[in-house]
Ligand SMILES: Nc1ncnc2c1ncn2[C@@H]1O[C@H](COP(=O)(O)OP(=O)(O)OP(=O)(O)O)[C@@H](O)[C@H]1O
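In structure tokens, one chain follows: the form predicted on its own.
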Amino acid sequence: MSFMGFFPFRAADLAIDLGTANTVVYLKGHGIVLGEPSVVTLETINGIRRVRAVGDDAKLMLGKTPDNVETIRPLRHGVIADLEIAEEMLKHFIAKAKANAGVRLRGSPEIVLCVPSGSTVVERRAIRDAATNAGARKVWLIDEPMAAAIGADLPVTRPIGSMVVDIGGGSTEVGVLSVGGLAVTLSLRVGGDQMDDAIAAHVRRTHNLVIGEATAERIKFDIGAATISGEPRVAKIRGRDVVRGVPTEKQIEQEEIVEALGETVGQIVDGVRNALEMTAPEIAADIIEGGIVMTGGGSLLAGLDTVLSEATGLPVIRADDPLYCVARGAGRALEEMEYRGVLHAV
């Protein structure tokens, strides 16, 4: 038995990718132990507001709650919009992550939190405060592009330039990395949520049909694409007819969704090109060889790698397991001394 085997109660240090759309928790020594939507359902009874559901359970209620129940996302564009609710959500996810791994906690954990590279000092302090109030002993922050690059196994600590594009729910992080630091970074407030909004707006404008957030997201997953490749696909959508005010079902073609997502995809492409324009020549030479690595849920949009490659003239690779890349990178920074220098205290 190892020395630690004599102590079943121990601090369970965590790395958390606290995203606008999803939260992923990495437990030291265990790996990824939780991945759930960053959604909280609140119930108001006799003027008192309390948490009714968090994560997967809360997302099922989106758009289906009565007047005294509301389902909200406490983060917007990767930063905290509602500190109190974010704390409650963090407490829930930390407890559930430990339960999933069968860990009994002694003392307070050390927590590494991922933050957008463009977040302000005030926004970073809000994230730190949320983690501290949720029971953290020590809070470290790591820039999302750096965490994504580590999670994608890029040579971030070596004198080799590399580029990562992390497309999340509320923001897109573009980072050019070399020698353990970010040589160029851009934080774009555009991501998967904006894609959902664009789909919902298009359906209402062209089909006179009002659809909810969950339906727009499902359409994106089913037939969403940045460009048409192969046989075009169609999907059935259900919503409320704007004119008649009754529930109805219609059919939508993939070509329409490509058009609806055009502006959002264009903003991401422009951000990548702007970052390349600011990149030093020697680092740019390395990127020609290594290409651009995409991470995050938004990178799963069909054809996005093709559009990005055609716009930049560079090879574009989607990382393995892109949804968990950022959390895994933050976890490695917590566990491996090689990466401790990329963590920041606030």
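Small disclaimer: the values here were computed from a predicted structure and weren't measured. Heads up: residue numbers just count along the shown sequence, starting at 1.
Here the subject shifts to the form predicted in complex with the ligand, a form of this protein not shown in this document.
S.K.: Of the residues 319, 27, 54, 301, which one places a heavy atom within 4.5 Å of the ligand in the predicted complex?
M.R.: Contact with the ligand in the predicted complex is made by 301 alone.
S.K.: In the predicted complex, does residue 331 come within 4.5 Å of the ligand, counting heavy atoms only?
M.R.: Answer no; every heavy atom of residue 331 is more than 4.5 Å from the ligand in the predicted complex.
S.K.: According to a 4.5 angstroms non-hydrogen atom cut-off, is residue 290 in contact with the ligand in the predicted complex?
M.R.: Contact check for residue 290: no, nothing within 4.5 Å of the ligand in the predicted complex.
S.K.: Under a 4.5 Å heavy atom criterion, is residue 167 part of the interface with the ligand in the predicted complex?
M.R.: Although the ligand is absent here, residue 167 would touch it in the predicted complex, with heavy atoms inside 4.5 Å.
S.K.: Hey, in the predicted complex, does residue 161 get a heavy atom within 4.5 angstroms of the ligand?
M.R.: No, no contact at 4.5 Å.
S.K.: Counting only non-hydrogen atoms, which stretch in 93-101, 126-134, 190-198, 203-211 is within 4.5 Å of the ligand in the predicted complex?
M.R.: Going by heavy atoms within 4.5 Å, the stretch is 190-198.
S.K.: Scan 214-252 and write down, in order along the chain, each residue with a heavy atom lying within 4.5 Å of the ligand in the predicted complex.
M.R.: Counting only heavy atoms within 4.5 Å of the ligand in the predicted complex, the contacting residues of 214-252 are 217, 220, 221.
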